[in-house]
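Next up, structure tokens for two forms of one chain, structure 1 and then structure 2.
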Structure 1
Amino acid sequence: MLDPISRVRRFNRAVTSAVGALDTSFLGRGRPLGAARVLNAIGHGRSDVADIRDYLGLDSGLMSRLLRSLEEEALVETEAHHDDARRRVATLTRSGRREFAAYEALSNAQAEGFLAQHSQREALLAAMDLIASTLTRERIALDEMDPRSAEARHCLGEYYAELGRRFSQGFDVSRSRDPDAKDMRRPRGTFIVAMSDTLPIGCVGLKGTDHGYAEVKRLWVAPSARGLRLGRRLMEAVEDAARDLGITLLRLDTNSALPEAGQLYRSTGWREIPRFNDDPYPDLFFEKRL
């Protein structure tokens, strides 16, 4: 009754029936689920027909018919792709947007209803994040992004906040050697964000210097994504990027208040070296030759 497998299966049962309830509420709008799914995919910004088909895993014949039924309802319009007339592009009409908004309202109401069940909202959300990250683990994409992008800035903000909580003396970015964004852009360096669906859940930066090495900076993994070995994946990705940029020597600094980081570096071929900068926060320094 309490073994791990039973607990997972209890979770499966609970969640299956909740998912079914949402489908039922969608059916309440008088449209088969297939058509509703296509409408929602378009509403969420997918316009290329092949893309929608791929996303929803539909056969091209079925997809075509679903689109036709949405067109008959005057919810969707299709036109040829502007530079490949074989492809079709779907957009919502005015009433299509209204109908999409109604589905969104149903989804949002269901989500709110769920949150309202619990008096400790944040704990519930953290549990959901943890499970969502675990389930989508194999679909987490590591994308190179501009360090000034919204996704990167989100990660950096969380990273600084966490340092502030974990360092006994707090953390003030301005006292640290804030890496200039341009040093973390190709060709000097790069910045990699781990994306789970549209949610940034981790990052790492590679900062070019003029001293014969590049620095790995800002390695961070969202609390909900810890335990998924994402730190390791990010480090592998940043090392690959460095190799790609022709960099042969990497350095990084960290703090012994972050033991899981030191642990990771030591177990992946990094060698501890003496202090190589005068940043006030780090007390541990590593180097790796590629």
Structure 2
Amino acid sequence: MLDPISRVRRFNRAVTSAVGALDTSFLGRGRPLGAARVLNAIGHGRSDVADIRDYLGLDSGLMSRLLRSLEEEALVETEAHHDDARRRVATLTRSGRREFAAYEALSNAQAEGFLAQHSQREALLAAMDLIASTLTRERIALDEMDPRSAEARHCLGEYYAELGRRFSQGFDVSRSRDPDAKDMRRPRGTFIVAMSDTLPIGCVGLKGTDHGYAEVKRLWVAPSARGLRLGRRLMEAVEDAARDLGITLLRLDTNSALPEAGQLYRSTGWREIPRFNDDPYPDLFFEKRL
């Protein structure tokens, strides 16, 4: 059997070389990867310098040098935050926006080139998703979103598709007690999406009811993020949101075809109760008092 450490190090060397991390002119635009990444972060809407530094994992000195180099090229401007003079805000100039667009086009072409090298495109993407989720696990953010947002709809679509594959009778969302979006928005409830960089990789909803309890709905974690304790984090977040809304009793339902869900609920203080709804799909019912 090949040494696992050697396999990881081969992967590291391959990625470093393929993406041009050591090039003095990343993607042929005349500056190294570090400066290009700062420009990219600003172009994608990050403006607070401290936030950019944390996002990229840079120390203050290197961040300052990279920003200064971009300012000298007239690609970036920085100024004090209008509410807090101790904070700095960075924005792209007109030239900076053109340079950002050029990097975007080149990066997209590079990504297409990577995918074109392998006949099993989806398998390659799944492997990339698995690695990216693992390497960024400490930076996965749990954000409250409108359940009708594109990110939420993506998660729900993947969730419904998985139920269709795993349930012996399939899954038809029109037959399920699908919660209305208004019941999963404050002040009745909430919807939480797990974001890994720019990609949604998990979700959970809190549905407000008029029956003295709220329901936890639609807990889903992408296959690439399973094993990272993200499901537990999502459940903790939705319980915290319920407390914040003054909700003291939660209920949920699941199906025995999803044994990992039942195991999660039992291990986090939920107790089984009799059926409390007429949804045709669940056969296990749980309750938790906060």
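Here, rigid core means the biggest group of C-alpha atoms that superpose within 1.5 Å across both forms. Counting starts at 1 and follows the sequence of structure 1. Owing to the predicted nature of the structure, the values given are computational and were not obtained by experimental measurement.
Of the two forms shown, structure 1 is the one predicted together with another copy of the chain. After superposing the rigid core, the Cα of residue 100 is displaced by 2 Å or more between structure 1 and structure 2. The Cα position of residue 142 differs by less than 2 Å between structure 1 and structure 2 after fitting on the rigid core. When the rigid core is held fixed, the Cα atom of residue 23 travels 2 angstroms or more between structure 1 and structure 2.
Once the core of the two forms is superposed, the Cα of residue 13 has moved 2.8 Å between structure 1 and structure 2. Here the two forms are laid over each other by their core, and the C-alpha of residue 80 is off by 9.9 Å between structure 1 and structure 2.
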